[in-house]
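Encoded as structure tokens, the following chain is the form predicted alone, with no partner shown.
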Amino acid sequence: MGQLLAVQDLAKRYGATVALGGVTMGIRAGEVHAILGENGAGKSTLVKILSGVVQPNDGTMLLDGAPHTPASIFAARGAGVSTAFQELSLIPHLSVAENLLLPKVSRGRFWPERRASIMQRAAAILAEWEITDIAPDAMIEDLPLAQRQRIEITRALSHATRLLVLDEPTAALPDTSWLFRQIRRLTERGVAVMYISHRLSEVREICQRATILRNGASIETVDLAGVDDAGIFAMMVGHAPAAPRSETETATGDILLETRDLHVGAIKGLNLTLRAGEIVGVAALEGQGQQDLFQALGGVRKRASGDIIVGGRSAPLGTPGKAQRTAPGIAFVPEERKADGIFDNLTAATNIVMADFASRSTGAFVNARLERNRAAKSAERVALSPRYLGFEVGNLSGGNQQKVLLARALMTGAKILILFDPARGVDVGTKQSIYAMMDDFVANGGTILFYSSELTELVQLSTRCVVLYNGQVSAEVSRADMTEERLLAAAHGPARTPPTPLREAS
């Protein structure tokens, strides 16, 4: 098929900041085309321009040979370009049906359409895209993240007649099978798909070509069959991949945190120990209680029963602030940075230091210079460039927003970090910065409990790994015995003896 989208010298500036400095690329009809690059490379800005969220300063876009200059998301959708955003754009207090049908929920000209009719239309959309476990009248705020992600994608699928843009679509999905099935259905109709992901295994499975961005500019468009991962990484960051983390066992010390017969949400009678100097991984399939556990330890969720011991003392962790003040201190980095972590209209420096200033008992005059000075050391520990400290966090890339959250956690001085999927949806370079921070933190006497949706990450980082199934520990695996296969098997529950096969008739 011929070329559907042609982008030439596309540029976007915010004052002196160049978010996109010259992107040239093309996507063919019926093709799945990857966009690869580190956080901050310009991928999100490119998505926003294609989707009508922002307008470029320079360059051109042609869709089927005609100028593509959308002034809004709905204008882009009217041209056949539909986007599922990395930071979900669903409205939490509306139903699934209302989110799917916005902006025109009702088709009535003179009076509102009946609710039953609206639900029926939404049910048809869900059925078309093989969503069988989510009701159209369910409220978005009541759904787990994986289901919300599928609704975001389904809405985009239902409107994509020319180009579907998927920005980190599998970040919260337990597997890719449903999504890849829908993508193949679209491309068979001639619809093109722009696929943005940091998971190269996914990119290789579903994409034919890739355009690599670096520092806001397109570096090259390549056939994926003709380039290996190391070559892609070198184009993304400008140098070869870093050496893998040492396999040397981490020395461990005193117990910093314990849970005894902990019951909270789906967690049932959990006993857990965290020692100084170790990184304890948590592996689990979706919905096995990991969110409940991490929220309880972070002071976000009240436990039903059991005990949490911090520094040898029982700790009533009622709020994140109380958790931070419970010696030796707990800092929690939540699953959804945009909804639960950052204050996007405040600067990075303000976001980093706010927990520190809030904990001070003496009054002090605060200004931007003082904030930047106090934030600089924590920012350096997570490799956040000083130039970003004065930026509003909402204008930073997802990876840099995550660095801000981690720098804030370090700023508290806590010795216990509770990290829920800290490297989800960030680029390879940012992942390396996060991993280095984690190693440094435990080397200096801290302890980390972290959940990851990627088994390779758990194997690479964990001193030992606890596997949850149905709210309980199904296995605890030491570093020496840890493999992805073993973690995956334990995540599916206790081993079962297969039934004795029936003998074939003689």
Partner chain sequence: MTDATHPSVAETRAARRVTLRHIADSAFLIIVIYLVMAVVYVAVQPSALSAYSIESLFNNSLPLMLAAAGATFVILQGGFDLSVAGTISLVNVVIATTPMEGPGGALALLALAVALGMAVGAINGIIVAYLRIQAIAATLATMIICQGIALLILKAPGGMVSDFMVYELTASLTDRVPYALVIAALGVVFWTIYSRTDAGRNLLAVGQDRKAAALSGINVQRTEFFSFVWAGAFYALAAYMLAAQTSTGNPSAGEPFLLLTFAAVALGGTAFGGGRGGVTASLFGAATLMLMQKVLFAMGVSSFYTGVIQGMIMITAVLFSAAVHHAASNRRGA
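Residue numbers count along the first chain shown, from 1. Since the structure is predicted, the reported quantities are computational estimates derived from the model, not experimental observations.
We do not show the form predicted in complex with the partner chain, though everything after this point is about it.
Chemist: Using a 4.5 Å heavy atom cut-off, which of 143-151, 307-315, 255-263, 195-203 contacts the partner chain in the model of the complex?
Modeler: Flagged stretch: 143-151.
Chemist: Even though the partner chain is not shown here, does Q295 get within 4.5 Å of it in the model of the complex, heavy atoms only?
Modeler: Flag for Q295 set to yes.
Chemist: Would you classify S89 as touching the partner chain in the model of the complex, given a 4.5 Å non-hydrogen atom cut-off?
Modeler: Yes, S89 is a contact residue.
Chemist: Is there a heavy atom of P103 lying 4.5 Å or less from a heavy atom of the partner chain in the model of the complex?
Modeler: Yes, P103 lies within 4.5 Å of the partner chain in the model of the complex.
Chemist: So, in the model of the complex, is K415 in contact with the partner chain at a 4.5 angstroms heavy atom limit?
Modeler: Contact check for K415: no, nothing within 4.5 Å of the partner chain in the model of the complex.
Chemist: Considering the partner chain in the model of the complex, which of M139, A230, A327, A124 comes within 4.5 Å of it through any heavy atom?
Modeler: Among M139, A230, A327, A124, a heavy atom within 4.5 Å of the partner chain in the model of the complex occurs only for M139.
Chemist: By the heavy atom within 4.5 Å rule, which residue out of L186, C207, I219, I73 makes contact with the partner chain in the model of the complex?
Modeler: Comparing distances to the partner chain in the model of the complex, the residue within 4.5 Å is I73.
Chemist: Answer yes or no: in the model of the complex, does the partner chain come within 4.5 Å of a heavy atom in every one of V53, H93 and I118?
Modeler: Per the other structure, all of V53, H93 and I118 touch the partner chain.
Chemist: Going through 152-182 from first to last, which residues have a non-hydrogen atom within 4.5 Å of the partner chain in the model of the complex?
Modeler: Stretch hits: a single one, R155.
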